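This document opens with one chain alone, in structure tokens, the form predicted alone.
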């Protein structure tokens, strides 16, 4: 193994470590925030469309019932996820009272 091959190998390992650090410190938390925000948006959309599933009367439910066959799988998962939450304050970590 020549000195050039050793330096190339060290350069590759250093690049891999730096990429891992960058991903762990910057990219991954950003991805988590984006996923959390997308889940919040999805929850708000489903709740606006299907509020009557939770006992809240909504005049929009008559029209959004047509969407239910297309969103049935997502609706079941959303309903389970929402029933598992104790309250909004439990699952929204950025509220500090």
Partner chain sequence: MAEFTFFGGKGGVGKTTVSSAYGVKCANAGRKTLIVSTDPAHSTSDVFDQQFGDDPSEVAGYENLWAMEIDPEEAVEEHLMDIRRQMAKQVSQVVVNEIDAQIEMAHNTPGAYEAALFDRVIEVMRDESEAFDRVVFDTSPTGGTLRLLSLPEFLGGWIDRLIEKREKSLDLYEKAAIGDMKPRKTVDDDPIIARLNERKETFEFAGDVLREDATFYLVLNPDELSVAETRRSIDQLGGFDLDVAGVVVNKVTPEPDPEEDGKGARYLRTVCERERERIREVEDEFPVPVVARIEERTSEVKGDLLRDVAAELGIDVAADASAPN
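Numbering follows the first chain given and starts at 1. No experiment lies behind these values; they were computed from the predicted model shown.
As for the form predicted in complex with its partner chain, it is not shown, yet the points below apply to it.
Enquirer: Wondering, does residue 16 line up within 4.5 Å of its partner chain in the model of the complex on heavy atoms?
Expert: Contact check for residue 16: no, nothing within 4.5 Å of its partner chain in the model of the complex.
Enquirer: In the model of the complex, does residue 12 have a heavy atom within 4.5 Å of its partner chain?
Expert: No, residue 12 sits far enough from its partner chain in the model of the complex that none of its heavy atoms falls within 4.5 Å.
Enquirer: Between 35 to 65 and its partner chain in the model of the complex, list the residues on our side with a heavy atom within 4.5 Å.
Expert: 35, 37, 38, 39, 41, 42, 44, 45, 48, 49, 50, 52, 53, 58, 59, 60, 61, 62, 63, 64, 65, in sequence order.
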